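Have a look below at one chain only, the form predicted alone, in structure tokens format.
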């Protein structure tokens, strides 16, 4: 058994002391979770999606428990860029944890403005562009309630536009609601993405049989939790085989053994998502578990696990 292992990784230009971050939208801006563990232990903290203006999100009910997971239709509720800079950023900089700022816009230009302002304010160490939500300002896509990330050409356009606005490492978060994840992933890579985040939530819904009404006010929501892990793992494996840039794996990671599966499938880093709601220190436990696994299996660094599945 090894006495020491090296957990440090380079994620598309972002140096992380360990390969664990948190999934956007599941960790807020870190303050609440810092009561349960020192969030500076994270390799990086991924913020809740930031928009130029504050968003109230969708009407309740917005959360529904499902077998082995949950449905959410929060609707990108967030404080907006200005309040993030004034009230959320100082805490994160005091903690010293690298910041992956997740951003959402209604056009490529809005994404670019967000990225540029975050970089100019020293408010992020990397950008994660959330291309996995409906873009109602694009009539062609919106007619089918589709996602930008379902159209490889759109993925390329948005990625190029954001890339031109910032020198920060750029990660593109894609939707699993596609036939072939490799097409949008390659489009993002070729347009300048430094890493690909996989996966966002699967589309789902729930109906109350007594009232015959949808359980979510939005009717449709995003499914997360252990139920989606096999889908996420397979998509990470698909994408990692064709990409040259690293993959951030997420979707149902509850413990270290789950994270190890993602590394073996090809992920360079992982994000803990909805498990943080159930167990606020889940990400810290995953970090400890990865280290213990590496010592037990005599793996000196994370690179020794990535794409290590034996076939």
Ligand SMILES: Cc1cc2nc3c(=O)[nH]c(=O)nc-3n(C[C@H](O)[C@H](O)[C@H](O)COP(=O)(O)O)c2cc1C
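Just so we're clear, the structure is a prediction, and the values are computed from it rather than from any experiment. Positions refer to the first chain, counted from 1.
Omitted from view is the form predicted together with the ligand, to which the following refers.
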**Message:** Taking the ligand as it sits in the predicted bound form, is residue 250 in contact with it (heavy atom to heavy atom, 4.5 Å or less)?
**Reply:** yes
**Request:** Examine residue 231 and determine whether its closest non-hydrogen atom to the ligand in the predicted bound form is within 4.5 angstroms.
**Result:** no
**Message:** How about residue 49 - does it come within 4.5 Å of the ligand in the predicted bound form, if we only consider non-hydrogen atoms?
**Reply:** yes
**Prompt:** Do residue 21 and the ligand come within 4.5 Å of each other in the predicted bound form, heavy atoms counted?
**Reply:** no
**Prompt:** in the predicted bound form, do 26, 70 and 200 all reach within 4.5 Å of the ligand through at least one heavy atom apiece?
**Reply:** yes
**Prompt:** Here the chain is shown alone; which of 169, 98, 108, 225 has a heavy atom within 4.5 Å of the ligand in the predicted bound form?
**Reply:** 225
**Item:** Heavy atom within 4.5 Å of the ligand in the predicted bound form - the one residue of 205, 217, 85, 74 that qualifies
**Value:** 74
**Request:** Counting only non-hydrogen atoms, choose the one of 252-260, 238-246, 53-61, 281-289 that falls within 4.5 Å of the ligand in the predicted bound form.
**Result:** 252-260
**Request:** Would you mind checking 109-130 for residues with a heavy atom within 4.5 Å of the ligand in the predicted bound form?
**Result:** 130
